[in-house]
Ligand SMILES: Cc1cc2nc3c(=O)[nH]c(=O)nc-3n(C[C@H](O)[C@H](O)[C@H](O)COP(=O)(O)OP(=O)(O)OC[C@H]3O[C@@H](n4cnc5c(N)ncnc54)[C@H](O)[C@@H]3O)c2cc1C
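Taking the form predicted on its own, here's one chain by itself in structure tokens.
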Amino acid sequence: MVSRNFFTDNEDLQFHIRATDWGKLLPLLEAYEDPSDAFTDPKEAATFYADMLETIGQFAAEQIAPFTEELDSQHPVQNGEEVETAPRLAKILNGLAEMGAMGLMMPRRVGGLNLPVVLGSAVSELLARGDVSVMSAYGFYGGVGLVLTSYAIEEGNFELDENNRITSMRFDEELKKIAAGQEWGAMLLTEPNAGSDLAQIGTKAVEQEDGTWRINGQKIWITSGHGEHHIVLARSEDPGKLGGLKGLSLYYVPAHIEKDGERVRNVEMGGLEEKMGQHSGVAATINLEDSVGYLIGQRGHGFRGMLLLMNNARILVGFEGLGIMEATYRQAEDYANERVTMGKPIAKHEMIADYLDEMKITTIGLRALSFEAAGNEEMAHRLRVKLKIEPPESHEEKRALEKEILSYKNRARMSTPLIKYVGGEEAVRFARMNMQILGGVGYMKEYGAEKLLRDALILPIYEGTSQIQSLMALKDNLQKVLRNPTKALSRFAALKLEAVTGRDEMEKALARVRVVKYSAMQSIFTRIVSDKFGDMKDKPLLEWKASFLKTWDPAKDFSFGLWHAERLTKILSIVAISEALVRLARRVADTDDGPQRRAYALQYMERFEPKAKGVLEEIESYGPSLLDRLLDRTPKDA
């Protein structure tokens, strides 16, 4: 069945717009911006947000999805130093610009609508469902605009009126062109010898007498690299004195500059890549040869500034994955309901029904966690703006605000690598399942299933691979245990009891999946300690921390944890999604949405608790033979 609107046909997405606590976010969103056309009533804001998503949902269904074959067959073309956008993609982007979609999240003073970032994430899902190359290109308009705005705020590079409203800030002129859809940007991080390991970045930046910088190096695989506004990570410090991540700074590098009264190229287009999927989108090599750059933030704080950019980008990949997951599920479901074998639609055959059921509840689960994380990230950002512009006068109030910011930031940080991991991996798995459900039809190019798979395969790679996300999740969770092992142990015991004696079935189910998480953590933690210090089972738990920190060598002592990082991440993701679904069910328990949300939470845990237990079994059962080989040790040393 062909959809005419990707928002109105998606009850779950509509629910999140309905259920989001806009009343908490709205005052922070409007506090320091032009008050004209500002929303003060959360219900009015929610109605407008839904109307806006309905408009974009219709555009995605009618102006993007029917043209996926064109988007796949058309490629960008390099003409000398400039790049011509693929025709259909250019037409779609122009259509989005005409409806004001490029400036949704940008301030009204530059031509934007000053809407929440959370809402922009929902827009990204709608566009990705239509075609992921469109969503990717779209993201480098408002996404780069949002990042430049955030950097200006962090620098304190803005002007206020008597009412503490921002009247101007650094990058305003650039933002006006982005909001109008005339220009876009790109993130220049990856190099031939520096991908996941950014400490190996070799691009050099040298400060000039006039305060500008000259930047030299090469960046590769740059999505939308033909844009005007480049955010470049480069080495500003002498590697011999300050190497690694501490020697990096962040720069704004325009693609063109004025020189001797003429507009000339400031960066060189080194070529366009031929990609497996997302053919309409640009992936470029960028050569920087004495390119003029302007420092963003503090010198030597480039990696810290880059994390602000990457955290939002990784959550956005989760929504990108949701778009692909929704598209593949809808195609598979439609075909399965129409295709009749053995006297009934294949949707009624048990194995196919199982596939479709898992696709639906997994999408609902990831969307719950993604909206929650996006909300936490945005609240942390808006409160940082408040701290910057209107810091509380009393020390106690300031400390309370800082604590609140840290709370939102930590919650977003714990979820972000899981969202990026699940969004990337499940988009690929869903595309594969879709092809299997379609059978021979799925293998034929005319039906588009194979395109969905090709387009999805990059998601587990860019913005930090699935394995990098797993290492981040492992590190954050083990450090949390290490900081307070007694608390973790007590929590583990309480969950075991609740899993058996709890009165509410949903709460008992949540306790059971949490027990799996703590069991996995305990298994990994105990093995790491055992490998270093021998069997610690008879020693008091509080002695572990002191022993760890005294003689800790991450290069060798963390091997067992690193080995199982991805397995642990699978368990952490299942638990985090279960928790998000249960929190939603609790929050709307007394509304009309309550019974359905409770049913979704139970359905997800019923399906994924056994999967989590299976992964736990792998962690607990795998022997040390691989590590023996990697570390050149004999089995008796293990």
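Note that residue numbering follows the sequence shown and begins at 1. The model shown is predicted, which means the values in this text are computed figures rather than measured ones.
The same protein also exists as the form predicted in complex with the ligand; that form is not shown, yet it is the one meant from here on.
Think of it this way: in the predicted bound form, the ligand has a heavy atom of just one of T190, T85, S559, T363 within 4.5 Å, and the residue is T190. A single residue from the set I222, V147, M269, L295 has any heavy atom within 4.5 angstroms of the ligand in the predicted bound form; that residue is I222. Looking at 454 to 462, 203 to 211, 157 to 165, 257 to 265, the stretch with residues near the ligand in the predicted bound form, meaning non-hydrogen atoms within 4.5 angstroms, turns out to be 454 to 462. The ligand is not shown here, and in the predicted bound form it never comes within 4.5 Å of any heavy atom of G442.
The closest non-hydrogen atom of T341 lies beyond 4.5 Å of the ligand in the predicted bound form. Among residues of the shown chain, G195 is one whose heavy atoms approach the ligand to within 4.5 Å in the predicted bound form. L113 falls outside the set of residues with a heavy atom inside 4.5 Å of the ligand in the predicted bound form.
Taking the ligand as it sits in the predicted bound form, the stretch 465 to 486 comes within 4.5 angstroms of it through a non-hydrogen atom at T465, Q467, I468, L471.
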